[in-house]
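Two separate entries follow, structure 1 and structure 2, each one form of the same protein chain as C-alpha cells.
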Structure 1
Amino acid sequence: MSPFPSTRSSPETRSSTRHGAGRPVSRWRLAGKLTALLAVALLPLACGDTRIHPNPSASTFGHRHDELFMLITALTGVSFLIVLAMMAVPIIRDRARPGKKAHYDHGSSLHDKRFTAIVSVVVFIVLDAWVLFVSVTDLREAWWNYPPADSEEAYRVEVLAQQWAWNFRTPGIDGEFGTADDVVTINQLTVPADRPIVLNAASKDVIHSFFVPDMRIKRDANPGSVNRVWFQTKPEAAGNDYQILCAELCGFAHYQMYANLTVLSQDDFADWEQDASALAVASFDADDTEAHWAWDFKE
C-alpha cells in the first residue's frame, strides 16, 4: 500500500487527465504557491543573516571588492526575478482549465526568436559589460596599481610558503633584502598601518595561496615563480590582528596553515622594526648560507 492517497481514484478525474484538462486550479492559488516557494528560497536574505557576510574590509580598497560583489549579486538577482516572472506568466495564463486544454509552445516562431535575440543582447550589455567595466576599472585603479618601484613609502615583504607554514622576510631598517638585519618570521607578519604593503609570494613545495580575507587579497604562491600582490590598511586598522589563510588545498594540514597579521601604527611600527632588526642582527649567522633565502624583490 502506498502511504500517499491516490489522486486517480475516480474514473472522471482519470479521463479528464487523459484529455489534458487536469484538475482545475485557481489562478490565485497557483500564484500564491509560486510566491511561497520564492519566499522560502530568499528567506536567508530576508532575515539579514550576517554570517554570510565577511568581516568589514580593513584595507583602503577592499570596499571595491564588496561593491563589485553586491553589484553582481543585484544584477543577477534582478535578472533571476525577471526570468521567474516570465515563467510565471505562461504557467498561469496557458494552464489547463475546465473546457480549455493547456497551450504548448516551443518558441520556434520568428517572432519568438527575435525576442530571444534582443533579450540576449540586452542581458549581455547590462550584465556582462557593466560588470566587466567595473572590474577593469577596479583592477586598473586598485589591484594592479602597484606603488612605483622606487617608492620610499611602500613596505616590502617576501612570503615563502611551505607545507604547512608561512615564512615572512622583511628587509629591516636598511630596506634591503638579503642583509643581516632582515627580519625572518614564521607564521607572523607585522606591518605598518596606512602604508602600501607589497608582497612577493613564492612556495618551496606545492601551490599555496596567500589569502587575507579582511584585506580582500588572495594570490597564489607557486613553486618556481614569484607572484606579487599589494594592499594598504586603513589607518584605524592599527593595533588589530588579522588572519592569513592558505586558500589552496596544499596537503593534509592545509586547514592548519594560517598565520597572524599584526598591524601597528606607524610610530609603534618604527619601534618594532628597530627592535626586530637589532634582534635579527644579534642572531644573524653569516655561515648559515642556507637560511639566507631572499630573492631580488619583484616590484
Structure 2
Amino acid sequence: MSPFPSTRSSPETRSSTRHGAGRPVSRWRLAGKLTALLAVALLPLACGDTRIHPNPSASTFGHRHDELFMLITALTGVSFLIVLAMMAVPIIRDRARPGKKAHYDHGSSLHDKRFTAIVSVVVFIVLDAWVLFVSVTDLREAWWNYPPADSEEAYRVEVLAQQWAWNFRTPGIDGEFGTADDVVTINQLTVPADRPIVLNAASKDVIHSFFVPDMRIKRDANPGSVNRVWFQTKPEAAGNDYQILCAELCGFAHYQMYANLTVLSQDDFADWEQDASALAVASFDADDTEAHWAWDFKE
C-alpha cells in the first residue's frame, strides 16, 4: 500500500467539482437561464417607444405587404420558439449529472427519421405553401394588376435612373410623351392622390432600383430595357411628401441617390400640371438633345 494519498478522484467528486462546490446544476436553474435569455430577446417588444414596424402604407394595396410581412414573422417566430423548446428538452433531460451520464443520439433510428419527415412536411405546408399562396394572390390581385392600357385615369411617368439621380418625365397636358409640354424634373416627382400611377423605369448606365418604402413598391431600373411598376395613393396621402430611394448598390455615391415624391389633391395637381406644362413649353429647346430621352410608353 502506497504511503502517499491518492490524487485520483471519484466520478461523483469530479462531477461535483465541475458544477462547483458540490452543487450540481439542476433542471430548474437551467430553465431559469433559458427563461432569462428568452426575456432578453423579447425585451424590445415590451418597449413602447421601440419602432418595430415601417411607416403606415400610403398606397391602396400596401396593406397586403404589411399583412404578408406579419404572417411570415408570426410563422417563423412560432417555429423558432418550437425549435427552442425541442432543443431545451434534451438539454435538460439528457444532461450529465451525478449518477447519470449524458445521453448521446445520432438521430439515425427509424423513429427519428419518421419524425424528421413529418416535421419537414408540416413546415412546408404551414410555412412555405401558405406564404407562397398568399404571395401569388397578392401579386395577381395587386402588384401585377396594372390599370388597362386605355385607362384615362392612370397617370403615366417615365423614370430614367443614372449615377446618381432620378430623372422623371410626365406627358403634360397633351398626354403625349416626347412633346414640348413634357414636364421633366430631377429628383422630384409630383403625382395626384387617389389615382393609379404607372411608371416605366430604365437606366442610363448601371442597374438601379426604384424604391418607395411608403408605397411598398420596388422595381429594378435596368440599362437597355424598360420595367413597369404601379401604385395608387390613398386620398389621405394628399399634401404629404415621401422618399424615393435606390435599393441597388450602384457606385460610390449610391447613398446620395434619393428623390422626393409629392402627392397633391386632384384639384391642386390639375393646377400644378397646368403651370408646369406652360413652363415646359416656354423653356423648350429643340437643340437640347440631352433632354429628349422620352420613349414610347410601355403598357
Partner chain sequence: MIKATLALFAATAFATLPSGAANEEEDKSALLPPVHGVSPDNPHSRPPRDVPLVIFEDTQLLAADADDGHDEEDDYAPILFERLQAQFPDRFTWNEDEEHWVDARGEYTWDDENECYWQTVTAERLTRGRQDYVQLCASCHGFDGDGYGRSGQALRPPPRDFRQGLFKFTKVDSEKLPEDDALVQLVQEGLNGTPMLPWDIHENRIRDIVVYIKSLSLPELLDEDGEIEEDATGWRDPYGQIGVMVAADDDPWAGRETEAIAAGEAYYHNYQCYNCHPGYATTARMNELGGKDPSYTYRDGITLPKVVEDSSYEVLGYAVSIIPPDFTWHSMRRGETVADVYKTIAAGVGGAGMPTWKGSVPDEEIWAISYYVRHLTDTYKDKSATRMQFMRDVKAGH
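Because the structure is predicted, anything quoted here is derived from the model rather than measured. Note that the rigid core is defined as the largest set of C-alphas that superpose within 1.5 Å between two forms. Throughout, residue numbering runs from 1 along the sequence of structure 1.
(request) Would you indicate whether the form predicted in complex with the partner chain is structure 1 or structure 2? (result) Of the two, structure 1 is the form predicted in complex with the partner chain.
(request) For Asp275, state whether the C-alpha moves by 2 Å or more between structures 1 and 2 after rigid core superposition. (result) The answer is no, as the C-alpha of Asp275 shifts between structures 1 and 2 by less than 2 Å after core alignment.
(request) Just grab the Cα shift of Ala286 between structures 1 and 2 for me, core aligned, in angstrom. (result) Here Ala286 registers a C-alpha shift of 2.5 Å.
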